[in-house]
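A single chain, nothing else alongside it, follows as structure tokens in the form predicted on its own.
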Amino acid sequence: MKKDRSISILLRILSYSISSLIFVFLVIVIFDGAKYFSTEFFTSYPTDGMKSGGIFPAILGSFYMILLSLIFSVPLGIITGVFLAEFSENKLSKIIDMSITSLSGIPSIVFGLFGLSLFSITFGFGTSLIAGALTLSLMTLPVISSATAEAIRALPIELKESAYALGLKRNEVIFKVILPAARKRIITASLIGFGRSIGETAPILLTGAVFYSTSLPKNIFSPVMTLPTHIYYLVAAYGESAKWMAKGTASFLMIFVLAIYLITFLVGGRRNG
């Protein structure tokens, strides 16, 4: 008992210490950059070689990129999750499950290289919004599909048995009973995928982002600026002169990601409540 108590105390200390360090880091990053926030910072283009102006095209570019990636990944992820949960006895399902698990452990730079090779070069999309979005959708697909499958498996078996007893067909049970019952977990998974995608740099750096754009994207085949790549370019190409913009961009990005995860927590809490 004493040994178990000691281990429990040690784990709590480690947990609280790590959580405190992360919290301090977030506070420093957010407050260090928030002092540069202004109306001009959020509504104007960068000017004077990135030494002044704002981050409006990067904000809009990130929004377009993530929205388009979710349009691809959410429906496909839900369909894949349903197939994994409802047709688990199928050999194809086992192969897909293994593939999804493998995708979860692949570094983001590998996704970027794959997207560059397939979407940008082979499909001829070049550096474009569509190439970056498709690459990000591949990254979020394992999160959404795995969470959907787990949400369906966690449903009471009586729910499906009752639906079948009422004479519903299998497709009706899936789309009218199972998916509505698991919708909050699916929404939570989609938000987690959204939060992960918004901070990715390597995949869109290779497929969809440009250093600086003087106009907003005209269509899905146009390149865009994004928040993570904007920070990367500022840090890599400029010194102290543009450091303030990198700090402000990082602060805004951190706040945005935290807001997404807060919404995810509220949705999950409402589900569990």
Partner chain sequence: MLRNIKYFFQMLLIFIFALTSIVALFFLIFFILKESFPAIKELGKEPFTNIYWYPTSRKPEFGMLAMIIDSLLLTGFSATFVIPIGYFISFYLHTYSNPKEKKYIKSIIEILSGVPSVIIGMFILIYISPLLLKLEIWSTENFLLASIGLMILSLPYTISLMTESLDSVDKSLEESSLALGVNKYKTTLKVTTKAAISGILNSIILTINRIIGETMVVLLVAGGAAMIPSSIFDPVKPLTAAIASEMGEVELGSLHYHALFLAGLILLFISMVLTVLSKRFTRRWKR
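Heads up, when I say rigid core I mean the largest set of C-alphas that superpose within 1.5 Å between the two forms. Worth saying up front: this structure is predicted, and the values here are computed from it rather than measured. Residue numbers count along the first chain shown, from 1.
One more form of this protein exists, namely the form predicted in complex with the partner chain; it is left out here, but the text below deals with it.
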- Message: Only one of I187, L76, L159, A181 gets a heavy atom within 4.5 Å of the partner chain in the predicted complex. Which one?
- Response: L76
- Message: Test of understanding: in the predicted complex, would I28 fall inside 4.5 Å of the partner chain by heavy atoms?
- Response: yes
- Query: Closest heavy atom of V110 to the partner chain in the predicted complex, within 4.5 Å or not?
  - Reply: yes
- Item | N90 within 4.5 Å of the partner chain in the predicted complex, heavy atoms | yes
- Answer with yes or no whether I263 is in contact with the partner chain in the predicted complex, where contact means some heavy atom within 4.5 Å. no
- Task: Determine the residues of 110-140 with a heavy atom within 4.5 Å of the partner chain in the predicted complex and present them in sequence order; the list may be empty.
- Result: V110, F111, L113, F114, L116, S117, L118, I121, T122, L138
- Query: Once you line up the core, how about L10: does its CA shift reach 2 Å between this form and the one not shown?
  - Reply: yes
